[in-house]
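First, one chain by itself in structure tokens, the form predicted on its own.
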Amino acid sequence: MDDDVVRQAPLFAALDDEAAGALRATMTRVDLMRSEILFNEGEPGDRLYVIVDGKVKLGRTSADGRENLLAVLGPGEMFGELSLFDPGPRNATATAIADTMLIGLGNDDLVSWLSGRPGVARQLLGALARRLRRTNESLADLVFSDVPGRVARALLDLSERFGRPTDDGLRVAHDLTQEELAQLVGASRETVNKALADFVARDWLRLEARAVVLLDIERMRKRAR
């Protein structure tokens, strides 16, 4: 297990090595294959998870069956912590979009662990605040941005976590299907594909299987504004 990745999670950031090791010893490893569901929307929430390797998508389904992709998370990121502060059913379905390894911690264990450790509690609250800020930005995008702008912003956001430099640009292995990418930006697959084709024609990016290579990041940033 990559300890450096685990220490990126807010749950561990405020702990010294001894305390972090003790906490990891109480956590359970979970391995998922691509497309395997960890938990479903509406199920009781009693555990948080830290991604050690792989990627997980969080999505919701509307009453008429339409799906919305709320977030794509990768190594070092945490999810499921809402159930600690607001016990209740899960508000999203968590699905692996690549072979994934997680470590999970039950809420009862976490509550006892947080007792006397205000620094860890502050880190968790900070993580929740950042998640809320990202959600607010996504809502603003839906209201004020056109689809190409939302596509550019989504790809840039993914590049910050999954981008790897190459000889001709920044390769972003997002592991999303075309339909999932459309769900992430809140648009139809046809409209998103049209925006991607336009970016390709302008030499701003190159499409690969479940990945893109950003060739002109500055142009993409301007389009995302």
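Residue positions are given as counts along the sequence shown, with the first one as 1. As the structure is a prediction and not an experimental result, all values here were calculated from the model.
What follows is about the form predicted together with adenosine-3',5'-cyclic-monophosphate, which we do not show.
Only one segment in the set 23 to 31, 165 to 173, 64 to 72, 186 to 194 has any non-hydrogen atom within 4.5 angstroms of adenosine-3',5'-cyclic-monophosphate in the predicted bound form, and it is 64 to 72. Shown without its partner, this chain lists 181, 52, 158, 58 as candidates; in the predicted bound form, only 58 has a non-hydrogen atom within 4.5 angstroms of adenosine-3',5'-cyclic-monophosphate. Between the options 101, 147, 98, 82, the residue in contact with adenosine-3',5'-cyclic-monophosphate in the predicted bound form by a heavy atom within 4.5 angstroms is 82.
At a distance threshold of 4.5 angstroms between non-hydrogen atoms, residue 153 is out of contact with adenosine-3',5'-cyclic-monophosphate in the predicted bound form. With a 4.5 Å cutoff on heavy atoms, residue 120 does not count as touching adenosine-3',5'-cyclic-monophosphate in the predicted bound form; it lies far away. For the chain shown alone, residue 105 is not a contact residue for adenosine-3',5'-cyclic-monophosphate in the predicted bound form, no non-hydrogen atom being within 4.5 angstroms. Remark: residue 89 counts among the residues lining adenosine-3',5'-cyclic-monophosphate in the predicted bound form, judged by a heavy atom distance of 4.5 Å or less. With respect to adenosine-3',5'-cyclic-monophosphate in the predicted bound form, the three residues 8, 12 and 133 uniformly fall beyond 4.5 angstroms at the level of their nearest heavy atom.
In the predicted bound form, adenosine-3',5'-cyclic-monophosphate lies within 4.5 angstroms of a heavy atom of only one residue of 29 to 45, namely 39.
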